[in-house]
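First, one chain by itself: the form predicted on its own, in structure tokens.
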Amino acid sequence: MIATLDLTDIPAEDEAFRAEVRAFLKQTIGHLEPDIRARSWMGFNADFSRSLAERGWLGLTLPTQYGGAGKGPFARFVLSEELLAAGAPVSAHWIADRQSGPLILKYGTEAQKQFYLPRISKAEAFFCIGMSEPNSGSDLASIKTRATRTDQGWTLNGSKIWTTNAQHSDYMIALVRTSGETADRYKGLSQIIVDLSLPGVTVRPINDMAGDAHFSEVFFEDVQCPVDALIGTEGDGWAQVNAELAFERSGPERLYSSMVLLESWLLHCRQTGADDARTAAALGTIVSWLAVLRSLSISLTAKLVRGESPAIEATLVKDLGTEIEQAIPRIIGDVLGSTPEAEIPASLRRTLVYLEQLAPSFSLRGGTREILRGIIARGLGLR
């Protein structure tokens, strides 16, 4: 059952971190055009990630003994909000910092922690997630990619799709079948850390409608992974993945994909003196949704601080967040389109067009709407 979320504030010491981050971002990336800022968490820039690492801002929640900063999830929430608000290119380190590192910390062996976590904290190891597959999509229980145990380790065969930034990553944490058949659904699944430079790995980028290539297809043909590529317990992959997805689905990036468009539109409204009823109603709708969703996301962060795994609650927030992320370009586009004779700044138009093209993918990444609602229904005891 879904538990009640407590109304929570970000602690004062973590809020104080916000000013330091803003000063750094002002100095390093300065002003960016809105349509560039809109690409923030899909923007890949390894040098920028390394500049964060030099300040100790990668692996922020990892223990100091593994090269992390030993801070809590609230500090990372503040850092994430500021990076996304500024339009910083965070994609290089995003997945490793957000979920691969915490996953390895929770389920990895001591040797895995010693090897991977310092590299993540130094921006020396970038990760992607190997979950979705052709003909499976977000139905992760139906995956077919298989890792077969051998005397030397694991032999990997199969493929993944919609893998974010696989073409730039060093490692993938792949959900694979190590026993049983596809019909067994949740049984026999395990997680394997795959070195993407190994022979037999082929990565093919996929171009999206906006002309960017954030996603990839990844093929495995008799890839020989070592014994210690297995992370956690063989056969417990389903439970591990659901714990990992709580990190992916609860964060502020699920709310902020269209934020730069809202900011650009508000600036345009102020400059033109727009105060009509249609504009006010649109703004009221967006702000009221965002205020609630941000409170929910902060409450989930409090659960992570307490060491809980709010998988169901995070799924609910992700589903609601996707609704508003997709609605913002539509709502603003409708308001602007209601006065076609009015001039629109070029930067606002470019940002709107980009997000209108990208918005359909918001309900695919991190789990489709249909899959998420099935998980929520099970959480409510309705399935």
Ligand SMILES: Cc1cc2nc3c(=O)[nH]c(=O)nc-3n(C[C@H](O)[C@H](O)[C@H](O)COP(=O)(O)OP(=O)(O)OC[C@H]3O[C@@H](n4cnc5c(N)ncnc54)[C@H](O)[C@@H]3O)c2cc1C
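In this text, residue numbers run from 1 along the sequence as written. Bear in mind the structure is a predicted one, so any value in this text is a computation, not a measurement.
As for the form predicted together with the named molecule, it is not shown, yet the points below apply to it.
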The binding site of the unliganded chain, tested against the named molecule placed in the predicted complex and superimposed by local C-alphas, with a 2.4 Å cutoff to backbone or C-beta atoms and a three-atom threshold, is blocked
Would 154, 178 and 232 all count as contacting the named molecule in the predicted complex, using a 4.5 Å heavy atom cut-off? no
As a check of understanding, the residue in 169, 163, 190, 100 with any heavy atom within 4.5 Å of the named molecule in the predicted complex should be identified as 163
With the partner omitted here, the residue among 131, 120, 83, 147 that in the predicted complex has a heavy atom within 4.5 Å of the named molecule is 131
Report task. State yes or no: in the predicted complex, is some non-hydrogen atom of residue 215 no more than 4.5 angstroms from a non-hydrogen atom of the named molecule? Result -> yes
- Item | Proximity of residue 370 to the named molecule in the predicted complex, heavy atoms at 4.5 Å | yes
Indicate whether residue 336 is a 4.5 Å heavy atom neighbour of the named molecule in the predicted complex.
no
Notebook entry, point to check: Does residue 324 reach the named molecule in the predicted complex if we count a contact as any heavy atom within 4.5 Å?
Noted result: no
Within 4.5 Å of the named molecule in the predicted complex, heavy atom basis, the matching stretch of 217-225, 85-93, 199-207, 154-162 is 154-162
Looking in the predicted complex, the residues of 348-368 with a heavy atom no more than 4.5 Å from the named molecule, listed in order, are 361, 364, 365, 366, 367, 368
